[in-house]
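In structure tokens, one chain follows: the form predicted on its own.
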């Protein structure tokens, strides 16, 4: 049986932040969430998360099931954190130990690390090779390729500093051998902390075998310790997402000027124009044009839609819809097929029926609007009375004149008309025309033969 231990107790002082490092967002998700998602793909028998007790609520809000929480009251180093998890490892054969700040180490890399573990091996160190090892711990080996110790750069000899293979902070241990050495750790160092790296040297001194498993991730495997590291990780994940989408038939006109989060899905032959931001669980259909300069958050967009210079948040847009420029669709709005929402129109928590058009300068809040309705420029659904939001209903084929104010709760019947500048305080019967302030019905003149109605 194999367990996983995720070390998540570090404060991340180099981030210069009051927020715990692991909760900083990387393409919309906390750093730790990537690690937990990658670990979850391994089908381990148990996952243990070592955290500061004061952060328990925040970790639980990430929403990962089947995680055992273990508390490290004081940040006394990685070795101390692993020691806290030891009671949870009874009955297990092997344990994968990873840092919570390494979101770019994929499940594939972890599988390679686990597969390197064989009977007769006490530990496997996940390592990588850098052109410039800088301040990272060097992986020191004997002539047979076994790892004899991991030495910090400041403690390394001149010869050891030439080593380019460095420790990533991920390991696979024999639980049986780990129990033999975990209490042998000491804190005789400048920081007064206990480090996992010391276990390698202790195991070696006992005649136990330690090997390394190399990944080609390079510096990307070394975790996020600063805002600069966070920016580099963001750049790498963005590049991966763009490549994935383009390989699936999506055109991204300017990848370097586009932001797309990992969970976004986009259909074939859709074009993403520059300076667009696509976030959360956004889903876009086929043959759409998104952007330029469009912001989508948890948006559902159908096929053959055009959304440009606009914002869509937590809303649904069906197929063959045109949005923009400068429209704002939000709060569970639902725009049905073949409709159009134009410049400087805000739609909030409203249903817009098929073939309906609101092309200019309108606010449609808490409304249900039918099919083939015309919404004139400057129309407002006056939905808020100072205490409560109220609903406006506009039935099919109504014509709402420019600068109409509709004081909710109110219903405009099928085929009804409001005149320009009308302030509508009462329901409008189907087929009725209302004008004025307050709006009142007028009789429509019948069409003259061969002419038009006045």
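Numbering follows the first chain given and starts at 1. Because the structure is predicted, anything quoted here is derived from the model rather than measured.
Below, we turn to the form predicted together with a small molecule, even though it does not appear here.
Would the small molecule be touched by all three of 248, 255 and 306 in the predicted bound form, meaning a heavy atom each within 4.5 Å? Looking in the predicted bound form, the three residues 248, 255 and 306 all stay beyond 4.5 Å of the small molecule (heavy atoms).
I need the one stretch from 116-124, 306-314, 133-141, 268-276 whose residues put non-hydrogen atoms within 4.5 angstroms of the small molecule in the predicted bound form. Looking at the other structure, the answer is 133-141.
Does residue 169 make contact with the small molecule in the predicted bound form, using a 4.5 Å heavy atom cut-off? Heavy-atom contact with the small molecule at 4.5 Å: present for residue 169.
Closest heavy atom of residue 75 to the small molecule in the predicted bound form, within 4.5 Å or not? Yes, contact at 4.5 Å.
Using heavy atoms and a 4.5 Å limit, would one call residue 353 a contact residue for the small molecule in the predicted bound form? No, residue 353 sits far enough from the small molecule in the predicted bound form that none of its heavy atoms falls within 4.5 Å.
May I ask you to state whether residue 150 is within 4.5 Å of the small molecule in the predicted bound form, using heavy atom distances? Contact with the small molecule, yes.
Between 374, 225, 293, 106, only one gets a heavy atom within 4.5 angstroms of the small molecule in the predicted bound form; which residue is that? Spelling it out, the residue with a heavy atom inside the cut-off is 225.
Which residue among 234, 319, 197, 215 has a heavy atom within 4.5 angstroms of the small molecule in the predicted bound form? By the 4.5 Å criterion, the partner-contacting residue is 197.
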